[in-house]
Each structure stands twice: as C-alpha cells, then as structure tokens.
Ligand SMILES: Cc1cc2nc3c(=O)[nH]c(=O)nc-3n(C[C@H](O)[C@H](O)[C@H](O)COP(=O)(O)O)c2cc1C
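Next comes just one chain, in structure tokens: the form predicted on its own.
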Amino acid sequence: MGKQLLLEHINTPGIDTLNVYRANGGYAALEKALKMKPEELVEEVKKSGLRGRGGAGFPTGMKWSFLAKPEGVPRHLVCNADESEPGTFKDRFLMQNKPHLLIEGMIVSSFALGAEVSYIYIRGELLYVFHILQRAIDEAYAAGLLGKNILGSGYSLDLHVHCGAGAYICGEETALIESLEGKRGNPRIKPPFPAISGVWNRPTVVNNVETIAAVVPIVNMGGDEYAKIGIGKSTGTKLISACGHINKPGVYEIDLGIPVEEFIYSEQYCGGIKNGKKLKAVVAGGSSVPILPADLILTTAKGEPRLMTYESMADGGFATGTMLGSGGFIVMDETASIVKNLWNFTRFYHHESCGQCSPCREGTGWMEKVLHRVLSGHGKPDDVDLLWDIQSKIDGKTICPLGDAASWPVASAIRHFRSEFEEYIKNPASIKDVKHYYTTNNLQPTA
C-alpha cells in the first residue's frame, strides 16, 4: 500500500469531528501556513507538482499563479464538489469521512490566493454530505479557525457551502460559477477565464475537492518531499474510485506510478476480477474517457506496462490510450456488453446536456436513439458508421468539454469493439436480457 496522505486516519472513530481531527494532526498545516507569505505557499504548491485531481490534470500552482490581483477587487476560491462523473465517488467519500481536511485545505489555499470569501459548491444529491460539511464549518468557526483574525494571524475568511440542483454540467467550472451566482448553469465562452473574471466578474480559482485537500499534506511535508512521491510529472498520491466486476470495490489512495495490472489484481487494491472471470475492458478515469480493452489497459502500444500516471494512460493518444481523468476506474469482465454500457453512458450525456450548443444538444440525442435502435434488435448495417459520424461532429465543437465527454466513449467503443456492434446488428438474438433491460428502466424499445 502506498502512502496515505489523504486517507490517513480515515477509519479513526470521530475523525469527522474537530477534536479528533486536531488530535491526529489536523490544522497543523494551517498554523504553519499562516506563518508563511502567500507567495511562499504558491511556490510550495508549484514545487510539489500537484496537478488538478478533478480530471484535467492541469498544474495547480501554475493555475494559482494566473489569478489576477487588481487592487481593491476581492478574489475568491471555489471548491468544485459537484462530483457527478459516472463511476467517480472519491470526493464524496473524503468529504463524508474527513470534512475538516477539505476545510483546512480551503483555508490554507484561500490564504495563499488572498481570498477572504470562499465557497464549496456541492452536488445537490449529496445533501447529507452538505450537512456534514456545514457542521464541520460551524465547529471551525467556533474554534477561531474561520471568521475574523484566524488564530490571531490577522487573516480573515468566511466559508460558505452552496448546494447545486443535480446538473452534471455544473461540474464545468464556468457553469458552476453561473449556478453559484443564481443563474442557469450554462458554460461561459472563454476567454475571459475565471482567473480574470469568475464569480461576480472577480478573479476566481476553481479547484476540485481532492486537489484542495492535497494542499494540506504539501504544506506539512513541503513541496519538494511531496514531489518525490510518484513518477515524472505525475507526483504525489491519487484517490481512485474503483468499481465494476472486481472483488474489492472502493476508494483507494495510490502512489502515482504503480502498474495498472497491480492495481486491478493486487489484494491491496481491487483484488482481481470477480468469480474468476477474465478482464475485458476498463474505463480508467470516469465515463467521459476512452474505454480500453484488456490488452491496452495493461500494456501500452509500445509493449510497456501501463502505469497509473497521467502520461502513461495517455500514451499513444486516443488510438491506443486513454486518460486518468477523475479517477473513476470502472472494470468490466468478459460477460459485460460494451454496447449496453455505452448506451447507458450516452443516455446520461443526452440527459445532462445543457442544450446551449447544437452539436451536443442534438448529437447526444441522435447517438442515444441509434444505440437504442441497435439494442432493440432493429439495428441497420450502417448504424456503426452513423454513430462514428455523429460523434465526430460533436468532438471539439462545443463551448465546454461535455460534448467531448459524450463523443469519446462512443469513438473508443467503436474503435476497439466494433465487432460487438456489428454482431448485435447482424444477429439481434445475441442481445441478451433486452426485455428485462428496458422493463427495469421503464423504457420502450423503438424501431
């Protein structure tokens, strides 16, 4: 098992409370940070090599350094806790069990950025986690860790938790900002970027839950020490939400750089494939990243072991690679239907499209209908090519990445599993349990 920087003491009774969290070293990073200069903290984060853990993997320290600092204009830090990528549940797990880790990270990061009012934007379905966070924030205020003159440092911070309304699109940072302002959650055209004009047109940094939580161990151990964990530009630890046909689903904290094969088959992590089945495919970073068949997820096109790093996952581009993304690791065994799984993903993206861009609004619906037709047993010989054509007209042609997120799974499924689509079309009888599938989802097959 790798280093446990974020999940340390996760099973300690009462770790969600202030007293127990502090008894186990909590808020030591805050005390240390308040004795430093904000620019020194930014430099430590740069030295750590920390990359955004929400999916994009952009260097966090660099993102912080882009923040505009016009005189007399407030700045804000916004935590993106709108975790809604299918297959991803690590942030929820962290907030539910160690809420003070996120709060400490928010205070330290806000101090580094010069923000005196910050926000946690949480997915509406996680209302129970909202209450956990709010209770922890109330504890922090009562202890002088939030509010005016924190720990006598002269620095003040107010922290608010805002519930979204269950829209996946609000996981995109500018749509999140629109929603936080009380508007419909539609993505903004960029530039300007949030670092220049974010919440209420003020300079804003938006970071993911895990990213902000990771600032705490970086401050405690120092950026250089943190950078020694991992490989190359993939430094530190990473939370992975592992699910699917594995013996031990759950949230794991890994040192970046371990082999994918070790993560799937080691007893320390996923514990292998359930019921002794064979591995068929993996969606490595949440539903939006390309799916890879067993041979390519375990080894790169160069024949090297594929590693749990940003670079190794992407090796070969989308032809033979994928993305580490949000860490939503979905494992499928030999019995899984790639077509049914893809239809489920496509239904999700069609439902969650905000409708602002025509390619996404129309294209996601068309892809769902074509896949629906195939799974109804009425597929046409040119449906696979039609799906490929539709996704190509969405990819890269929308304001935000939801269009890309909808098109990449379709493209990769066809690229690596085209024969499965063709078999469903040529031999509808091979589509198992279709009636049950539609009945349980209250749907009607369409011709």
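One-based numbering along the sequence shown. Nothing here was measured: the structure is a model prediction, and the numbers come from that model.
The form predicted together with the ligand is left out here; the points below concern that form.
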query: Contact at Lys47, Tyr226 and Met323 by the ligand in the predicted bound form, all three, heavy atom at most 4.5 Å; finding: no
query: Residue among Leu159, Met313, Met367, Ile169 with a heavy atom within 4.5 Å of the ligand in the predicted bound form; finding: Ile169
query: Answer option from Gly54, Gly379, Pro409, Gly26, heavy atom within 4.5 Å of the ligand in the predicted bound form; finding: Gly54
query: Partner-proximal stretch of 151-159, 217-225, 263-271, 201-209 relative to the ligand in the predicted bound form, 4.5 angstroms, heavy atom; finding: 201-209
query: Distance check, Glu104 to the ligand in the predicted bound form, heavy atom within 4.5 Å; finding: no
query: 4.5 Å heavy atom contact, Thr237 and the ligand in the predicted bound form; finding: no
query: Non-hydrogen atom contact Pro401 with the ligand in the predicted bound form at 4.5 angstroms; finding: yes
query: Distance check, Arg415 to the ligand in the predicted bound form, heavy atom within 4.5 Å; finding: no
query: In the predicted bound form: members of 81-103 within 4.5 Å of the ligand, any heavy atom; finding: Asp82, Glu83, Ser84
